[in-house]
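There is one chain below, alone, in structure tokens, taken in the form predicted on its own.
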């Protein structure tokens, strides 16, 4: 569905009618919302279209998207603005679901239950896997919006050339390594090469690695209360051993750090035949891959598994009662089944409620593009993304350890034991 069709969705008025009344008093309520994307990109255009459509349906409310760069930039800018005060501070934000502890510890969040006055049926309409990183101390602090899991993409033409079934993804770790061996061509450092596999390890390497850890039996990398990590468990170490061996022993993946941002381009240019990346890249891959491609769940080892990821909608304490009612109206509008389905089709993110998958538009889309359902179906195996108090510090510690092992500076066990000690030092003060 294109954006021009979205603006005519008949479900929008029905949703609006069910929402709390917002007092207008002859004025327009302005809701600045920080959004994690660079200005002018395609996602920004979609968000601008949503804001305009919402305003037409709700003339007394204007949602004002402010594009704030990366997820990390968004959280830093939001907290700085909130503590500084002033009219430019956001009333809402789309931020990482795992930043719940960061915002909670700063005391800037309004519990969603305070806005809904106990409407648990609406909140419980989202997939449970996406709510896991939204709840803390018995309350819900954010609403699932642009959510994802990592998935495996493969080049069907390359599979066929290597004598592999082009319609079948590797089912387990052994198969993935074997497939990658058969897909890796002899390398010439002076020219473009083709690797069997790329699992990016820049930006936020912990996220894709967490898929391996879950599959190796380490269901959670952190405790639910955010005070402890399990970076040096045998299962976590074993997963990193496997990841390192893909490049250093099997030689089916580039050694060192694999760039998150350029991996899709490597895939499009046949520099790698398989890649792990977010389902949020699905629309990008569909648009730019010059060959038929497949999308599959991450291969299993001891079990199947993948972390959830992506951003949620947060409401901040610098809001008046009227602004909170307006914020809830927008959140319920933008996460209603019709809009959620449209968002998933336009971006590749997973529609966050079962009801969205029952909309006629998304059913038609799936009939022509079944790969869009892979990440949704993987949710039954998904686990919460790594999240702790002082989350950015803790994940940076973990990322540094992963990269130290991947670059050969330290062995996996040594790197992860150091990361665990550093995480313990950070989190000790949060333990009762």
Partner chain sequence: MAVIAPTLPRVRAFRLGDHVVAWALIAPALLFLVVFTLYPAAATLVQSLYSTPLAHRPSHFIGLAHFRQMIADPTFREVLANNLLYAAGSIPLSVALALAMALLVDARIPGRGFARMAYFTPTVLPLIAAANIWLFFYTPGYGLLDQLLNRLGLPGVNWLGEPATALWAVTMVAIWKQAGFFMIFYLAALQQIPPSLREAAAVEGASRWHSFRRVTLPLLGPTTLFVLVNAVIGAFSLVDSLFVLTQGGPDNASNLLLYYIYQTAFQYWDGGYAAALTVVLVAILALAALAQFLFIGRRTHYR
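Residue numbers count along the first chain shown, from 1. Quick caveat: nothing in here was measured; it's all calculated off a predicted structure.
One more form of this protein, predicted in complex with the partner chain, exists but is not displayed; see below.
Considering the partner chain in the predicted bound form, the lone stretch of 317 to 325, 277 to 285, 358 to 366, 104 to 112 in range is 104 to 112 [heavy atom distance within 4.5 Å].
Contact with the partner chain in the predicted bound form, defined as a heavy atom within 4.5 Å, is made by none of 300, 380 and 382. Taking the partner from the other structure, the partner chain in the predicted bound form has a heavy atom within 4.5 Å of a heavy atom of residue 269. Within this chain, residue 75 lines the site of the partner chain in the predicted bound form, having a heavy atom no more than 4.5 Å away. Heavy atoms of residue 257 reach within 4.5 Å of the partner chain in the predicted bound form, making it an interface residue.
Taking non-hydrogen atoms only, residue 393 approaches the partner chain to within 4.5 angstroms in the predicted bound form.
With the partner removed from view, the residue among 139, 168, 160, 248 that has a non-hydrogen atom within 4.5 Å of the partner chain in the predicted bound form turns out to be 248. Between the partner chain and the residues 219, 172, 124, 265, the one pair within 4.5 Å by heavy atoms in the predicted bound form involves 265. Using a 4.5 Å cut-off on any heavy atom, the residues of 417 to 432 that reach the partner chain in the predicted bound form are, in sequence order, 429, 430.
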